[in-house]
Ligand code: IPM
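Single chain ahead, by itself, as structure tokens, in the form predicted on its own.
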Amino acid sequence: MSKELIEKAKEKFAAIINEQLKRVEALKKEAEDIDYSAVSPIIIGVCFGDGIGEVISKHAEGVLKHLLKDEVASGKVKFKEIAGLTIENRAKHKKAIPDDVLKELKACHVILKGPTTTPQAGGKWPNIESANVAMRRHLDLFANVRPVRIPKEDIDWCFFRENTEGAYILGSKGFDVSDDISIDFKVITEQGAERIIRMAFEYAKNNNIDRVTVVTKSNVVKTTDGRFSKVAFRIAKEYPKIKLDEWYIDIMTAKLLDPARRRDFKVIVLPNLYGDILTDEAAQLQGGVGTAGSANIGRRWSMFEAIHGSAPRMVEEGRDKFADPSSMIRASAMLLRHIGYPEKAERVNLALDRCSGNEKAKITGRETGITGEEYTKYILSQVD
């Protein structure tokens, strides 16, 4: 019996290895980044998602359309609304992203994406892959960039989370070897680690930041995390004016809570799972995960989103109109900066900073605060 189980496991593992070797070959032939100044029109896809995503992404779309009204009128920018990424439609097709939706996404240059529901094993929906993970893989959105700003504490962090490798990329490829053993996989490639780490160093260089922190658990997870660490120190030699330090994920979660140390961190680069955990902690310090947006950057496409989920309970309780759109509006600011409008992006970020803690813009997720629509109108009043 054990020989039979081993042979089946070897077949599954061989298939995963072959798939990843092909991916490495593709990584070696990467295209150049898009020059948006030479693109006309820039097509912005707005993908509403499900749950509160359908509400808050429309508020963020309104902010974008307001700021880009002249560019839309001149034909420089075009908006394209994309339906079909609801959990109901994904469950119907039994796909994380239905084929027709993926085709529409690929017809855009950048995408503003609302939160989507990821089914849990044993739940009411088919156990399909996360739409986020699938989109990052299909569009090769290798860099998840998440800024966190807490001006009153002089905190300005920028996290560079690797998006297409680590523990998540093979999350649906694990298997039960027997009734007693389940195995999952983690993968780090030289090419995948290099491009996210280099992006972090380039960001630091371009913003006159003299420190990059790499976060791993390379003292225990010696092969994959070890590779990520070695690539970071190899690339650091090309940037002699920037100091690289390495922190382990467990102590790093503590140091973000340490008032005496946390403001020292600036640019933080880390593998997928650690990045997911640490950026949620950082967002909570900023004011909650509902306040944080993120960018998913690739060579050909880029996608901008909230870092939180679809909150179906809010919809079930009829509270979706009170959902905080700050995260999606932060994401829209990142989109603006990415396509070449940094001044417009900064206006949005400053408006959000001014609204933070303002009683006129108090949003609680319930009737005790204002609605998302009212909050967005207040943001727009501060943008102009």
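Note that residue numbering follows the sequence shown and begins at 1. Keep in mind that this is a model prediction, so the values were computed, not measured.
Absent from the display: the form predicted in complex with this ligand. The rest refers to it.
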Practice problem: Spot the stretch among 89-97, 230-238, 185-193, 129-137 with residues whose non-hydrogen atoms come within 4.5 Å of this ligand in the predicted complex. | Solution: 129-137
Quiz item: Glu202, Asp276, Asp156, Glu246: which sits within 4.5 Å of this ligand in the predicted complex by any heavy atom?
Solution: Asp276
Practice problem: Tell me, out of Thr118, Thr216, Thr291, Thr213, which residue has a non-hydrogen atom within 4.5 angstroms of this ligand in the predicted complex. | Solution: Thr118
Quiz item: Are all three residues Arg149, Phe304 and Ile329 in contact with this ligand in the predicted complex, where contact means a non-hydrogen atom within 4.5 Å?
Solution: no
Practice problem: Please check if Tyr168 has a heavy atom lying within 4.5 Å of any heavy atom of this ligand in the predicted complex. | Solution: yes
